[in-house]
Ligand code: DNO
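One chain comes next, on its own, written out as structure tokens in the form predicted on its own.
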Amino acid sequence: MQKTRFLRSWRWFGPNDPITLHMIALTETEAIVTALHHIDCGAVWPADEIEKHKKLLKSQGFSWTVAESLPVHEEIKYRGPNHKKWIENYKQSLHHLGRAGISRVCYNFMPVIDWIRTDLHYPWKNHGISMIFDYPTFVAFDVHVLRRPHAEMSYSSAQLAKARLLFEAMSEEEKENLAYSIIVLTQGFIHGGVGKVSDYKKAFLEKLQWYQGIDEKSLRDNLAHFIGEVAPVAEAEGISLCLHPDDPPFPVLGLPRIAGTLADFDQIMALSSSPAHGITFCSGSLSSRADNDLLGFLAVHGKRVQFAHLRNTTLLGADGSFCESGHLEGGANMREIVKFFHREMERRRSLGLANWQIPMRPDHGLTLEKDLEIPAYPGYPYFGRMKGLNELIDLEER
């Protein structure tokens, strides 16, 4: 009888990913988490392209269980004039994925920008190079580098004063690198960012304008509309839609964020009782907020989790700053999180559920010395993630 454990997975960004399938095959990975990154955001994923991708993975000994991400077009999020078209496209992609046997789809509902870090090369103790979200630096970016209109209204006088000092101490190159990292470098390979434009800051500001008048309630209403439309299709196709928490899990850039706390997910999960309406549990995103109790979250919503991203963070003060601190070290009690999922998978298995096994991938990873020799997308080094995967496997087997 198969031992109750995670389905050990790895995120791969397709043929252009510097980390090749051959390299991944040298790890303990069983399944690949991936997407059709060459298809424009909002366009239908063609059935033949899905099958081609699936066969490529199978030829290397991998299954494809999770589509991460089937991106949600911005017009769906702010209910733009063409949102119905994009929702119909999403439904068609779900039909194609379901018929190909892809049983889980990870998505997020973050307006304009996905995950945010202010430094992608932050030395972390003696463990390697990490990524950091430094709140004062982010304020400096928002108010002085990006110059978002009325940005100062989002912050206290003390926060503005500290941001001013940081900005004045930056060189022009540092200012440019900060903006490029936030807007372009961390976004372009995940169906995000502003595309290939010369003035990327201007293009980014224009995107922010799409959300004028959209508050938390409006965004949640738009999510409810989206789920109401696509969940029946996903359910019919045997797909679990797994909403990823916001990263960081609080409002940024004057934009609402609605998936960062237990209270947020209480409201979100109440939007639909469909078994297709599920959660991606990201311990890194949720642990980067001091008032989030991850085990409490799982106690309430663990039965709705269909996909797990496991990594850890360490909070740097009380201002919202945090550092990615590997997979085991940090504020998230990874041992107890893994124990919870083992119990939950045992419960699902005892009920005879076909998809009792939860796919888990080591999310992000510290950049280790050998990783400096291998080009990789920000947050996705080879050896750092391999280390994380092995650490998580060791936790499982104890």
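Note that residue numbering follows the sequence shown and begins at 1. Here the structure is a predicted model, which means the values were calculated and not measured.
Just so you know, the form predicted in complex with D-mannose (DNO) exists too; it's not on screen, but the next bit is about it.
Trainee: Quick one: from Arg257, Arg104, His244, Lys77, grab the residue that has a heavy atom within 4.5 Å of D-mannose (DNO) in the model of the complex.
Mentor: Exactly one residue meets the criterion: His244.
Trainee: Of Phe204, Trp115, Phe226, Phe133, which residue is found within 4.5 angstroms of D-mannose (DNO) in the model of the complex when only non-hydrogen atoms are counted?
Mentor: Selected option: Trp115.
Trainee: Can you work out whether Tyr382 and D-mannose (DNO) are in contact in the model of the complex, taking contact to mean some heavy atom pair no more than 4.5 Å apart?
Mentor: Heavy-atom contact with D-mannose (DNO) at 4.5 Å: absent for Tyr382.
Trainee: Quick one: is Lys387 in contact with D-mannose (DNO) in the model of the complex, heavy atoms, 4.5 Å cut-off?
Mentor: No, Lys387 sits far enough from D-mannose (DNO) in the model of the complex that none of its heavy atoms falls within 4.5 Å.
Trainee: Although D-mannose (DNO) is absent from this view, report whether His309 comes within 4.5 Å of it in the model of the complex, heavy atoms only.
Mentor: His309: contacts D-mannose (DNO) in the model of the complex.
Trainee: Would Ser69 count as a contact of D-mannose (DNO) in the model of the complex, using a 4.5 angstroms cut-off between non-hydrogen atoms?
Mentor: Contact check for Ser69: yes, within 4.5 Å of D-mannose (DNO) in the model of the complex.
Trainee: Partner absent here, but in the model of the complex, which of 58 to 66, 357 to 365, 38 to 46, 344 to 352 has residues with a heavy atom within 4.5 Å of D-mannose (DNO)?
Mentor: That would be 357 to 365.
Trainee: May I ask whether Arg11, Asn108 and Ile190 each come within 4.5 Å of D-mannose (DNO) in the model of the complex, counting any non-hydrogen atom?
Mentor: Checking in the model of the complex: Arg11, Asn108 and Ile190 are all within 4.5 Å of D-mannose (DNO).
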